[in-house]
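A single chain, nothing else alongside it, follows as structure tokens in the form predicted alone.
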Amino acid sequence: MFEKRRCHFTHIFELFVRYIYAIIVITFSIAFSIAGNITSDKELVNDVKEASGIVMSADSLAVLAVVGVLLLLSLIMLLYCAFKWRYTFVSAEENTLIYESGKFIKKRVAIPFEKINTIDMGRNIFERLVGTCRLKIDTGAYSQRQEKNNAEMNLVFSLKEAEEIRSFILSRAELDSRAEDIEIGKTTVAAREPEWVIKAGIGDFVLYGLTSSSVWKLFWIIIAGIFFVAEIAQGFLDEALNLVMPYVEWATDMISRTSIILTLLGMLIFFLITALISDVWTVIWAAIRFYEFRVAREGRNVIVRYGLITVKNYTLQVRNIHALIIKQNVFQQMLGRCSVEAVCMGFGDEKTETALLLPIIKTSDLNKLLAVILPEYVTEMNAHPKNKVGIYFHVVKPIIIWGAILAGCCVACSYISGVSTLVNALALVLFAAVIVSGVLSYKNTMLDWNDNVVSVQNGGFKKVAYRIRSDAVQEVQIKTNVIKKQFGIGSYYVHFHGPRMNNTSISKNISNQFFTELARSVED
């Protein structure tokens, strides 16, 4: 047990930062109204000058009013955050963690240790500098006034206190679940370093960066940067354009006089240079984000820790991990690599949260690594054969639809501006992409199940496989239409319990003869 303790005082400033956006919006909405009245009221300006003895223009007085309102609201909000921190406590009673807040309107939350799903210890760069740690406790419970993505407790402690509280909670939860005699009479339990069974190296970071970089994302960042510069430095941009335009005109003239092959070659060179820059940046980002990535299995818990600037350190209870998501983009499929995420109650319900288990590994090593940290999810895929009629819906149907659309676009462009080799070439590239996507979609669609896990896989260029714990499946559906019914196929929808409102995996155009067997295995 431990007595009431207050979180670290720096929590005041972190609370204040959360409200800074609201302060700015309120300040500008109020202050600009005041400033407008000041600049239009000459008598008021003269009165202020006489009272203060300071000579200032109406515009200067308006700016002073805006700054004054901003400082006043900031001071009020800072005092509110300090008051909130002053009356926020954490303690433990018997088998329960107690979280109290408020002076006039008091809130008291009792969280049984065995109901705690996740313990997230995150540290941003400010918290690392001051030696603190954000401790988030989540049970994954809903309430009428609380959205699902809010943790029951989200406070900042010193790193030592956060580790002690985490160790205490895990020890008590282990005691309550196993009902064994464990000595925990002390107020805290000493934190110890987990035995890491999986560690990521520099080669993993490089491979992750090379297979997950987004050239188009970098392209749009460059475009956005150009528009930003255009807004803040119009004159500078005009001068730069005057210097660049002769070269642009020269390039345009050269393109008009050369063949389409040379034009495409130039575009390809530009794309490769952009891709190289994107790859380098993604590798650096991956090395910073996943620095010292480690995974450990301790009893009924999985512990994950990584990060250089912002450190992530979260503990997931195995009983609350309801599914695994194995992801592969087209490059990772070609290289036989994948990343693994956990679907865990109480973690991953916020947009910035991802319960990442393995950033990138060999697909062939997946079951071997899972056997160490999560043997409950070791399984093989594709035990049930696919219906070959699915080729029509995955491949032939998209080819017919997109072929008609692209052909129509080419005819329309040739009618408007004459025959365009470039448009026809782009149409052929897109048509080839449709064919490849359809083939991959048929190849990647799989459905399998055993006594412990339901496996659902789908996707074309982006392949996603779900391994869902059987007792977490809430509902199994199969949807079909008149045509698909004649061929005996349908799309399987497996709804499962998870942190988000909609947790569904889909496997399209699979033989409907497996539905009854799958539904019975889930019921059992």
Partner chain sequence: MEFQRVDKKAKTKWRFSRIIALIFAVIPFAAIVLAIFYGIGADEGSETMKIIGWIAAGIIVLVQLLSIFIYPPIEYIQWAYMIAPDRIEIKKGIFYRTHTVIPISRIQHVAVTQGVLQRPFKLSTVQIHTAGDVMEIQELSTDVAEEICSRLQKRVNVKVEEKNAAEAMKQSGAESEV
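Numbering follows the first chain given and starts at 1. Everything quoted here is computed from the prediction, not taken from an experiment.
What follows is about the form predicted together with its partner chain, which we do not show.
- The candidate spot formed by 309, 312 and 319 lies out of contact with its partner chain in the predicted bound form, as no residue has a heavy atom within 4.5 Å of it.
- Taking the partner from elsewhere, residue 477 is found to have a heavy atom lying within 4.5 Å of its partner chain in the predicted bound form.
- Contact check for residue 517: every heavy atom lies farther than 4.5 Å from its partner chain in the predicted bound form.
- Under a 4.5 angstroms non-hydrogen atom cutoff, its partner chain in the predicted bound form has residue 523 among its neighbouring residues.
- With a 4.5 Å cutoff on heavy atoms, residue 69 does not count as touching its partner chain in the predicted bound form; it lies far away.
- Although its partner chain is not shown here, in the predicted bound form the stretch 466 to 500 places heavy atoms of 470, 471, 473, 474, 475, 476, 477, 478, 479, 480, 481, 482, 485, 495, 497 within 4.5 Å of it, in sequence order.
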